[in-house]
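The chain below stands alone and is given as structure tokens, in the form predicted alone.
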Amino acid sequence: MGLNPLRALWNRLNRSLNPASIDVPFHLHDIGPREVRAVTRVLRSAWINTGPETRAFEQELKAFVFPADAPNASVVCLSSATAGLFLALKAAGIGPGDEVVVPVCTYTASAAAVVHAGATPIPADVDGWSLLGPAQLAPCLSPRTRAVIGVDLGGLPCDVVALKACLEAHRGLFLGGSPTGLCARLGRPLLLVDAAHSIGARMGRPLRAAASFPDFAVFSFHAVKNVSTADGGAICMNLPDGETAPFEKALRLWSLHGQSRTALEKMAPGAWKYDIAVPGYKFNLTDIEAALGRVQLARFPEIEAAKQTIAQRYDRALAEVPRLSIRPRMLEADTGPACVGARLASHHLYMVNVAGWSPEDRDRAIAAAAAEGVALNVHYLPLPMHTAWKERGWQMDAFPMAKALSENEVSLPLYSRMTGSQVDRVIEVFSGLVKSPSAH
């Protein structure tokens, strides 16, 4: 009896994925025969857990993100982006008594990783694009600040150059807090970027991968992301000379129970003996997942181009819809020495704001669209609106920009397998709701 609601949901989902149907789900993964062949190859091999396939995926990600002449760059694959954020903090020695600044316009994982590490998340407001900027960061800094987590919401990169400049400008404040570990050696708080939405995003002069700019960028390979392993993640690190190798070693150690040899290494004849160096975690990515990820990464230009084409169709159709503001996917260079240059988003989300809509108007519109077979979403309700963060004393009124942007934000379906008729259906239903007096 208890399975009936789940079965009904599954049947409804299957119906919505029928190309002949007018129903449009919010997301549909793009898995094809190449991915199936790659996973099958690993399943038929002698090893399916973390091993050569995962290492190959890491090297391909490194080449995707970093220029060839980046000797201090490295990539470690893990079970999720959340694990990556947590382990970066943990391996850096950040924990109880330390503070980490996090913008409130994000998914809970960005801040939860800080709590898991034993540190204190310090919530920050956002700029007009729902990103953490230097103006929002500066008031949150204290002598106990040990890291800052920027979030590339929707795929648009935050300005890491400006954030680093802000940290450098407050170096005296930070050094007065007696930092230790990696933070002390850098002489400033760490700059991490939650890049769960932004694999493929670019920035700078000349343009290069956005993930190559911060100390750490953490990708997500969750089912809805532009590169998917069903679930999974990776830490991309670019640390000063002499810091990367020991940090990478620490990450690998912490991600596999603190075990001195991997399971594959222990399979070698006579190599059963190992040591537990630290009481670590189980955060590894498997070769099965990595095989899927390698094909997805190779197909990224194709998937990104398809999503960009859909986004441009939305742009043209919605440009004249009254009260509608489309979130930018490109920001031109600002001025000043602390400017990163142009920022180009990865096409993960298509986010819009409807002027004059209250949260109740937005919710009614989403329900009305669902009744028409079109799934809309919101990214995100800011963290202070959720119980876990309210109970930490976070109050929404303290973050006026995040509050204003979130109240009437709507995300439209954007995935590479969308058909032309599905795109047209989204445009028809959503623009009709925005124009309709009864929707607000």
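The first residue of the shown sequence is 1; numbering continues from there. Model, not experiment: these values are computed from the prediction.
One more form of this protein exists, namely the form predicted in complex with a small molecule; it is left out here, but the text below deals with it.
Trainee: So, in the model of the complex, is S130 in contact with the small molecule at a 4.5 angstroms heavy atom limit?
Mentor: Although the small molecule is absent here, S130 would stay clear of it in the model of the complex, with no heavy atoms inside 4.5 Å.
Trainee: Consider A210 of the chain shown here, and say whether it contacts the small molecule in the model of the complex, taking contact as heavy atoms within 4.5 Å.
Mentor: Close contact is absent here: in the model of the complex, A210 is far from the small molecule, nothing within 4.5 Å, heavy atoms only.
Trainee: When the contact criterion is heavy atoms within 4.5 Å, does H257 count as touching the small molecule in the model of the complex?
Mentor: The answer is no: H257 has no heavy atom within 4.5 Å of the small molecule.
Trainee: Is the gap between E243 and the small molecule in the model of the complex 4.5 Å or less for some heavy atom pair?
Mentor: Judged by the heavy-atom cut-off of 4.5 Å, E243 is well away from the small molecule in the model of the complex.
Trainee: Honest question, do T106, S110 and K225 all end up within 4.5 Å of the small molecule in the model of the complex by heavy atom distance?
Mentor: The answer is yes: all three residues contact the partner (heavy atom, 4.5 Å cut-off).
Trainee: Quick check on this chain: which one of Q136, T82, T145, S74 has a heavy atom within 4.5 Å of the small molecule in the model of the complex?
Mentor: Spelling it out, the residue with a heavy atom inside the cut-off is T82.
Trainee: So the small molecule isn't shown here. In the model of the complex, which residue out of A196, V102, L192, C236 has a non-hydrogen atom within 4.5 Å of it?
Mentor: So the residue touching the small molecule in the model of the complex, by this definition, is A196.
Trainee: If contact means any heavy atom within 4.5 Å, which of 316 to 324, 165 to 173, 264 to 272, 214 to 222 contacts the small molecule in the model of the complex?
Mentor: Checking each option against the 4.5 Å cut-off leaves 214 to 222.
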